[in-house]
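Before any questions on how it binds or moves, here is one chain, the form predicted alone, in structure tokens.
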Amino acid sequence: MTIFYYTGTGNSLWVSRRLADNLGGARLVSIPGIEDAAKAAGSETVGLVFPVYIWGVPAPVIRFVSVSSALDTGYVYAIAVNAGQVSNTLVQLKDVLARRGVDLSAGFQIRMPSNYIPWGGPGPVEKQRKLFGLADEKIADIASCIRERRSLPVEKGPLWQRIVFTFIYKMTFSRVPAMDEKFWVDERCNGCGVCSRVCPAANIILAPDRPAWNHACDQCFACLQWCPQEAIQCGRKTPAFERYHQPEIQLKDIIQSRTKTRSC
């Protein structure tokens, strides 16, 4: 079994690890570390674990599933990690896969603490722990479905959510790369370069000792959430909000997942 994951602040990596444990072992491959995807081709069971961005599938995941031969297998499932509004994300993914002749056999959603800091912090620690506990329970159920290779309808939000939020997703999708214009750094920045090392889009350079964003952003917020000095901000409100990354995921895990190559 192979699980391809895309993660910014660790939620999807945590879900992937928990799922692999419940399955009794599975190979974890980071989607930005795309060179491993070709080596994983031929797995009989392939999973996709990724966050919901602006109520839809992140662009890097769409690019990956549109071309990767690793998905040419018998059983493909997906888990959309979200902060409470999965909307039409898994329906969208199923349609993208269908266009290249791949069937999404099952699609699940798991709620985790939010990392979208422009709208606020992740919430109290006790609430976060409760979400982790509920996620663990659902992951165990998902693992049972995967072991039995069940074909199930994909999970989705209520109709109003799928209509309204899908419209917003379509209207904003092409504008996401330039949304990094709202990032800035305060006086605490020491030029350590962590932001550049964790960026899955290789969108940040130090110029010369401060980060500069190059309008190829995916809005994962890894740069802001992993900054050791909490010096990166987005808009005017984020200085007041608590940072978040999944507490069991370490900075080195994110950095190690960022190896990039053109082949897949």
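Residues carry their position along the shown sequence, with the first being 1. Remember, predicted model here, so these are calculated numbers, not experimental data.
Separately, the form predicted together with a small molecule exists; it is not shown, and the next lines address it.
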inquiry  = Is residue 133 part of the interface with the small molecule in the model of the complex - any heavy atom within 4.5 Å?
reply    = no
request  = May I ask you to check whether residue 153 falls inside a 4.5 Å heavy atom distance of the small molecule in the model of the complex?
outcome  = no
task = Mark residue 158 yes when one of its heavy atoms lies within 4.5 Å of a heavy atom of the small molecule in the model of the complex, and no otherwise.
result = no
request  = Evaluate residue 30 for contact with the small molecule in the model of the complex, applying a 4.5 angstroms cut-off between non-hydrogen atoms, and reply yes or no.
outcome  = no
ask   = Among the candidate residues 172, 73, 128, 85, which is the single one with a non-hydrogen atom no more than 4.5 Å from the small molecule in the model of the complex?
value = 85
message = Quick check on this chain: which one of 234, 65, 52, 26 has a heavy atom within 4.5 Å of the small molecule in the model of the complex?
response = 52
